[in-house]
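For reference, the chain that follows is the form predicted alone, supplied as structure tokens.
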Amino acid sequence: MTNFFALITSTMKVLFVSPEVSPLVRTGGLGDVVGSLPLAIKELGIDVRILCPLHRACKNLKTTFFAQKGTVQLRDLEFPIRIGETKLGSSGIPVYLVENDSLFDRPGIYSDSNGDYHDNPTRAFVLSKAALLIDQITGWSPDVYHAHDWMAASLPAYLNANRPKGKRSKQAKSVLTIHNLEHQGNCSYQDFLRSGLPESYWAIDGFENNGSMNLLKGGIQHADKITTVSPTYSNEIRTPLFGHGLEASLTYRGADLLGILNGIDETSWNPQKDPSLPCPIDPDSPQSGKKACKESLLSEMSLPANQSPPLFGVVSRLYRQKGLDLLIECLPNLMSESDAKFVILGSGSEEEENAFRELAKRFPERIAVFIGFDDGLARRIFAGSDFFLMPSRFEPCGLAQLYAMRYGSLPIARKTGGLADTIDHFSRSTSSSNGFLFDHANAKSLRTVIHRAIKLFGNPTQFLKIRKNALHSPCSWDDAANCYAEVYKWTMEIQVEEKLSFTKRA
């Protein structure tokens, strides 16, 4: 059986289905993962491809359309689609783009200035059902459909509804990855009726959740295997504190739920070759590179040039999950208790944006704030800061702490989700420490751990050792790719067991 599954991996075909993929179109970590993980999976010999809507942001891409067109049929609506093909950078990995301008030619992926699109459920259904037309339009048929988050979560249900009964034909399998359980795709019973899914799928063991339709719950109930983006988070989401109302479903499917830690694209995030930086950083001898990057960042953010105080960086969306309100609360005390400086890049909650602006006005020589997002500045903050703050209330995996370590900035984070899995808390008895963790989501705990970091900074020899640990922390996609390959094989094992069982019955 082992040799059989080795053969399966070498010939396996996997289709990623996602509303976003970097660098084509993205809003955050989901797009980054879908744009990076396939590169490592391809290296294992798996034929991996990606399906994504042809959003307005993709209109300028070089795209070749297949002659065969398709129609997605919902209960009482038909949506004509075309499938275009482009490539994922220089990798050669095909990215299939689903074209229907009435659904996808819009300013944003999920929303615009007026809020979430009212027809997001319909857009999700069309994306999911379009995946099942890939073989007849392109001539390529996947063995495993890998759906990502709520907008693709109905795909496993459509796949199950489409399975021929009593036939020996090969059946594709499904994997659902939950990137952030907070986003679930809640909608109405009328939306469920519009989906065209079997009425029997509306139940406590299907899409129904407290009287509404929950797309992610339906995916959890119907997928052959379920993954999320870190081992700790896979355990946390089975509890009421982190389960966002779906802990019962996740506990029920616990035998098929696995946490696989994300990685990052080490080619894109390379401090020795990053053109955004004023100076390269050598992981084995980072002193001169970090000094030059810190000096440049202080100048760019109009802070005094003195490099003696430690510099703390933040690159984040500003809303409750990220815990930056805790930093707002403790910053005034830190101003009087230390000489530390802070650089904040982010946007989100208007209340938090205004609070950081006010703090920058009160302490112009200690706090610099940029409201918005700038990728180059983000990279320079990772490179120029000594410490990087992530006081998240929950964090499925987190990528920023990996970027920070890759660029020699020690993360300071709450002990949750992927932060707990990637950061080795500083201890004098631990030679592998690469950052700091704290337990409780309150300003007092954050303030205490910041003071511990400042104390470490005051010991240059020890600080350099921990910085080198961070710079050499593993962050590639290789381990994750191998884990996903195993998950795909497990789904195929289900298929083999079903076939063997059918043969025995016959």
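Numbering starts at 1 and runs along the sequence shown. Not measured: the values here are computed from a predicted model.
Not pictured, yet referred to below: the form predicted together with a small molecule.
Interface residue in the predicted bound form among V33, A453, C52, I41, criterion: non-hydrogen atom within 4.5 angstroms of the small molecule: Of the candidates V33, A453, C52, I41, V33 is the one lying within 4.5 Å of the small molecule in the predicted bound form.
Contact residue in the predicted bound form, from K87, R82, R317, K291 (heavy atom within 4.5 Å of the small molecule): The residue from K87, R82, R317, K291 that makes the contact is R317.
Candidate stretches 299 to 307, 235 to 243, 397 to 405, 90 to 98 - the one whose heavy atoms come within 4.5 Å of the small molecule in the predicted bound form: Single hit among the candidates: 397 to 405.
K341, heavy atom within 4.5 angstroms of the small molecule in the predicted bound form: Contact check for K341: no, nothing within 4.5 Å of the small molecule in the predicted bound form.
The small molecule contact in the predicted bound form: N180, any heavy atom under 4.5 Å: Because a heavy atom of N180 falls inside 4.5 Å of the small molecule in the predicted bound form, the answer is yes.
A152, heavy atom within 4.5 angstroms of the small molecule in the predicted bound form: Answer no; every heavy atom of A152 is more than 4.5 Å from the small molecule in the predicted bound form.
Touches the small molecule in the predicted bound form: N214 (any heavy atom, 4.5 Å): No, N214 stays farther than 4.5 Å from the small molecule in the predicted bound form.
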